[in-house]
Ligand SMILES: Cc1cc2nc3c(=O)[nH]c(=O)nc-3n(C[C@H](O)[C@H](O)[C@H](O)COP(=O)(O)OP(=O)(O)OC[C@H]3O[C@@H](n4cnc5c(N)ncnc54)[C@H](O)[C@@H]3O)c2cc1C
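In the form predicted on its own, a lone chain appears below as structure tokens.
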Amino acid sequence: MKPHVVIAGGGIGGLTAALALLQKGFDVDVYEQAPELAELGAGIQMAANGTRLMIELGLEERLRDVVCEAAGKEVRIWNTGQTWKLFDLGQDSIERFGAPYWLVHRGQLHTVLIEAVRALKPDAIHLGATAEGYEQDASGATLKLAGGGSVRGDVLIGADGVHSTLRNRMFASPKATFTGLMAWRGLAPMASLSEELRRPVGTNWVGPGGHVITYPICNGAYLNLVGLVENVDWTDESWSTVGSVEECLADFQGWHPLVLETIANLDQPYRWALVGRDPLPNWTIDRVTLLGDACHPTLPFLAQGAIMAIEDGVVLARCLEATPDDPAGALQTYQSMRIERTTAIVNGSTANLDRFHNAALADPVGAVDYVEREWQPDKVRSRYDWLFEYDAMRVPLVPAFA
């Protein structure tokens, strides 16, 4: 008999794991603290290592209605607008990596996953259920909920995010280090923007002490913006703190008119402090494990945070399917297969922080030399190809204690 799997957290990673497990015949229940499921958040870049999983999970037709398929990515200097191609996407992504590169609103992806899970098990998602702790014994694990309730399963997965309660009960949480950076995010209606901003590309504007990333989402209806600036005084890590267009414009004084135009047209800017954390060396204890941001939170400088959680969910489902009679062993195999890759992504994202914000970008001549050196094609391939080539559906399963 296949194990009953309990998942704490109904975000993208938890729902991907639930969907992959349900498709393999497991009974799954997801416990989410939110009282209702809403389309929250902003944009996600989904490279081939993420989109191929969405396609193989059967979500391509539904997602095609909401995603944008990027033609390419480019790097631009913050004040002059001088442009370099970072890499081709579109058909090139399909030919090189076997899957497209999508740009999607997090909330719309979340909705598609919710619908897919409920199509297989209508009552799988339980709302208003806040994880408070856990217990386990040789035969199973119990999720303890706020208010005194509890749920027992054969396996418990903590997919409860960067501030994971289950992680805090299992291990000493990794030390949080403020980067000194504050991030702005928001959506600008595409119809209000200049023609140059409506191109189907992702753009990295790089500058001294800051950078801005823009790309289209919602089937081209909006341009998603994430802008980062140095601000040692802002330490609120919540990404839903409301800011103003005027404050955001003030933080990017002197930047290119296209950047300022995008900011001026944002529906509502939000801001949050960027916090770095060291990767966990272990995230599994017997029948309890962690997934996604709960075990490997990362800075957003490789556009892989959500995809790591998606990969986790797929690999975890495969491991449990391979050894359903040994769930604890399956969780150890899952961890051993994921920890090296996710640690490399966390460390690579941190390394990109200095690359995007280098002081050399302040000088017009130095900026050109710097971009041409740091974004030289061979260097770009070495930084990204290994990410995009990974196939969580087919990577060989290697038992942890083989």
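Just so it is clear, the model here is predicted, and its values are computed rather than measured. Residue numbers run from 1 along the displayed sequence.
If you look for the form predicted in complex with the ligand, you will not find it shown, but the lines that follow are about it.
For the options I345, M54, L361, I44, the one in contact with the ligand in the predicted complex, meaning a heavy atom within 4.5 Å, is I44. Proximity to the ligand in the predicted complex, defined as a heavy atom within 4.5 Å, singles out one entry of L387, I12, A392, A20, which is I12.
Stretch-level contact check against the ligand in the predicted complex with heavy atoms at 4.5 Å: of 176-184, 287-295, 319-327, 196-204, the positive one is 287-295. The ligand in the predicted complex comes within 4.5 Å of a heavy atom belonging to G305. Remark: Y334 does not count among the residues lining the ligand in the predicted complex, judged by a heavy atom distance of 4.5 Å or less.
Looking at R106, you'd find a heavy atom of it within 4.5 angstroms of the ligand in the predicted complex. Using a 4.5 angstroms threshold between heavy atoms, L223 stays clear of the ligand in the predicted complex. Heavy atoms closer than or equal to 4.5 Å to the ligand in the predicted complex belong, across 147-170, to the residues A159, D160, G161, T165, ordered by sequence position.
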